[in-house]
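Below you will find one chain, with nothing else, as structure tokens; this is the form predicted alone, and questions on how it binds or moves follow later.
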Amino acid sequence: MILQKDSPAPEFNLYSTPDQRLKLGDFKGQRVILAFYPADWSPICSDELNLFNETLKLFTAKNAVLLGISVDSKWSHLAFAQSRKFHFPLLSDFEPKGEVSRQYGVYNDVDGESKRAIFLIDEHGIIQWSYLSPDGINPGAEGILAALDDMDKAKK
């Protein structure tokens, strides 16, 4: 079951490049958008991440950083990100395979991939919004932007 609003976001420590790791705790004080996706290079994942890359300025304006996560290797992520000119990290949930995806309730045991899911985590590490999309559908960025707006309204 996908983690829901008001759940503490599980900590992770994943490769963002072949020789660097990122932890969720590195972003304390910022909002974090975790975008789990099935696979590098697949058409729908490529479209989804391209859209997020184009929307990055809107996320940043709301004090949110974007992190993509799949079970692909750090080397696949490196090539994929460079070829698509992504300006956000792709994190490798490769080994142990899908461990972080499982913690967030979005590992697909049948296909051995992450499901297509998005989490919005607040500045204190609490999930404020989550969405599970069918693997074959690009969820777009509207839901994320609406959830960020809702967080702003709740602060006032």
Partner chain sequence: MAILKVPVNAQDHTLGSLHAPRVLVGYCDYQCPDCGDSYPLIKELIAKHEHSLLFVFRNFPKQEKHPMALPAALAAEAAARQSKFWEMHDIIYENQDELSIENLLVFATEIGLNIQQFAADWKSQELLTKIEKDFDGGLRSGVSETPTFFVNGHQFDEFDGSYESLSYAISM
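Residue numbers count along the first chain shown, from 1. Not measured: the values here are computed from a predicted model.
The protein also exists as the form predicted together with its partner chain; that form is not presented, and the subsequent description refers to it.
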| query | finding |
| --- | --- |
| All of N53, N138 and L145 with a heavy atom within 4.5 Å of its partner chain in the predicted complex | yes |
| Candidate stretches 123-131, 27-35, 99-107, 53-61, one within 4.5 Å of its partner chain in the predicted complex by heavy atom | 53-61 |
| Touches its partner chain in the predicted complex: D47 (any heavy atom, 4.5 Å) | yes |
| Any non-hydrogen atom of D149 within 4.5 angstroms of its partner chain in the predicted complex | yes |
| Residues within 4.5 Å of its partner chain in the predicted complex, restricted to 75-95 and counted by heavy atom | K85, H87 |
